[in-house]
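We begin with a single chain expressed as structure tokens, specifically the form predicted on its own.
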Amino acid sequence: MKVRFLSDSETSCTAVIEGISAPFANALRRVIMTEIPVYAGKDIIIYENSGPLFDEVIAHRIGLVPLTTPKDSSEDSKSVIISVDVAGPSMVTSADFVSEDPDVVPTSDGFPIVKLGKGQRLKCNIEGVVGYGKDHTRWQPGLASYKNYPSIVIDTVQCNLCGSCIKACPRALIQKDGDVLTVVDAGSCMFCRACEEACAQSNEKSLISVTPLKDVFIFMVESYGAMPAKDLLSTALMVIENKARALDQNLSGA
């Protein structure tokens, strides 16, 4: 397996992964979304709520606020208590969450909870626990998707440089370089095959072939902030490795 990152930031990353199959790529996508342990508010104890929203609505909104999670967290990690105590008039947001653990805090200060009027108050405790996206969406750490890497081949010998494919490509991936056509940023191809159709209409047959490579994938990860996107990818690979090791041990002992 070879991994080459095209982009990498705290919230998202895109990588070209070679030497894997479509089932493995899909397993990696599912693990990222459902089997990486992250913190989220599970039990919300409301001591006072004189605002305009019911306790259940408040608890639901609080539970969906994503929390930062140390990379070595597991289902055995201790719970973290986060307190909220705000008096109106004020907009209660995730900036008002006070955590006993500085490593487990809201990923952003901008999540709105409820707007309190004069004389109204919200006081509650949030128990942040580690869970999995397969159990509830509150523990889903991000989104993942993939597509086959495109192979775009142009018959430069028979090509007459009519330019129809250049005009047809919605992402301007085909350009004229002197007396030949070249492909730039093939990874951005979305397999619409407009270039093939345009070339076939201008010639007796299409001189362009767009096909997906079966063992090369473009993998995209978007993190909700619980941990960096790159860490989601590496953690998911470790989860798959551990599952494979456990399966091998079970089969060996059978």
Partner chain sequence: MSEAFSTDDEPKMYKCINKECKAELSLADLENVQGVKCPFCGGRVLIKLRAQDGKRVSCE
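Numbering follows the first chain given and starts at 1. Bear in mind that the values here come from a model prediction, so they are computed numbers and not experimental data.
Same protein, other form: the form predicted together with its partner chain, not shown, and the subject of what follows.
Residues I44, A59 and G63 are all found to lie within 4.5 Å of its partner chain in the predicted bound form, as judged by heavy atom distances. Contact with its partner chain, judged by heavy atoms within 4.5 Å in the predicted bound form, is confined among 206-214, 45-53, 224-232, 188-196 to 45-53. Within 4.5 Å of some heavy atom of its partner chain in the predicted bound form lies at least one heavy atom of E127.
Although the partner is absent here, H136 is a contact residue: one of its heavy atoms lies within 4.5 angstroms of its partner chain in the predicted bound form.
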